[in-house]
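As a starting point, one isolated chain is supplied in structure tokens, in the form predicted alone.
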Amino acid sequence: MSAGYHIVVCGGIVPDPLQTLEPVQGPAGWGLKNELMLPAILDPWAGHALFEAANLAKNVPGSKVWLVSMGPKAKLQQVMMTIAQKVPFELVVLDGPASGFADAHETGAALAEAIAAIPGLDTSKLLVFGGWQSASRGAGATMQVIGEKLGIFEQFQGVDKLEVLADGALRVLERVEGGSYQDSVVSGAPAVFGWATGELPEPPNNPQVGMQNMRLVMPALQKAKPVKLEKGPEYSGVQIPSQKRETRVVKDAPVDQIAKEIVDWLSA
């Protein structure tokens, strides 16, 4: 495809998973204790989407990648210092809450509005990428809302592979139960893809890419549009899931027996 794609990646930030998270209820509703003090990272699901987008843009001439993110500006600046060194993109910032307690519909509507307002964006070439789930709260609805608001009804969730065919069509592998995939072909853009883990590892840091990105990241942060979400859903109670580990220790088990148990588990 000579004209290339306009790929918009929706990616929020979440607290570093190595931190201890404690839900607390404040005047504005539920949140995390000392949330503004917690170190943040790009949501891992969105990270996979960003790396896949950059790889697709690299292999299809004329393509461009935007990263649309909503969160506190100070936190986004901290995260961009790392992410900007990974792959080329242009940042679009919404200065709003990144809490996992935010309403998925309001968040999706705000992101869709920001995408529609990107200067020069050609919706006939538009591919919207994002995480199928989220490390903060897996509502699993934000990407669908974004697609509906943008009028894009070709939507795929749990994507692990996207391939551009010779005729310009897109072949998509979506996760289904039992370790199997649903194999679909869509004629082309526009489309929405909620990524699972994809196939690509995290790219190494590239200082040149980082310097190129940061020239646009800082102005984007300064121009961030304030977004105020309504209170959203009310929660009667919130708690961290209790740790659960089911491990069976078996010594000297034959390989055939291990393989059979895995196959039986997948087939159950």
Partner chain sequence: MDTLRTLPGDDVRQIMWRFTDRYDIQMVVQSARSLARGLVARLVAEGARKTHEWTDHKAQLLEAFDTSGLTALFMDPHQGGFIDGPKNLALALVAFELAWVDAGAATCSLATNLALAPIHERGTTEQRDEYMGRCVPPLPGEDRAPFRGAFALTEPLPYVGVETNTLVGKLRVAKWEEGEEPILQVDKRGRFITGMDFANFATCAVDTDDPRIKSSCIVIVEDTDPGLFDRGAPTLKMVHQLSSTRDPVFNLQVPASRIVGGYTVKDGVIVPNFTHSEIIGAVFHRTRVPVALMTTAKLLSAVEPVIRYQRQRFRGGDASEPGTSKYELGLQAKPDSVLRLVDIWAAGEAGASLGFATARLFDQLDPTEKEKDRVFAERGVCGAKSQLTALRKVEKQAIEYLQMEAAPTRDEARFAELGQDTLVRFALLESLANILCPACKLWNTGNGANVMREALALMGGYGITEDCPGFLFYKWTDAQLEATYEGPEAVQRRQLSITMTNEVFLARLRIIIDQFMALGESKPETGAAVVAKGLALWLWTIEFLHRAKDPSGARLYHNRRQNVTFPMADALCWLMASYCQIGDVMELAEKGPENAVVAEGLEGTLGFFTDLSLVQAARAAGEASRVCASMVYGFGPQAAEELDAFDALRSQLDRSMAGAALAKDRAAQALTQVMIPEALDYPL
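Numbering follows the first chain given and starts at 1. As the structure is a prediction and not an experimental result, all values here were calculated from the model.
What comes next is about the form predicted in complex with the partner chain, which does not appear here.
Of the heavy atoms in residue 55, none are within 4.5 Å of the partner chain in the model of the complex. Under a 4.5 angstroms non-hydrogen atom cutoff, the partner chain in the model of the complex lacks residue 182 among its neighbouring residues. Interface membership of residue 207, defined by any non-hydrogen atom within 4.5 Å of the partner chain in the model of the complex, is confirmed.
In the model of the complex, at least one heavy atom of residue 18 sits within 4.5 Å of a heavy atom of the partner chain. Heavy atoms within 4.5 Å of the partner chain in the model of the complex are found in exactly one of 61-69, 23-31, 45-53, 208-216, that being 208-216. Taking a 4.5 Å heavy atom cutoff to the partner chain in the model of the complex, the contact residue among 149, 75, 161, 125 is 75. Site annotation in the model of the complex: the residue of 85, 144, 197, 136 reaching within 4.5 Å of the partner chain with a heavy atom is 85.
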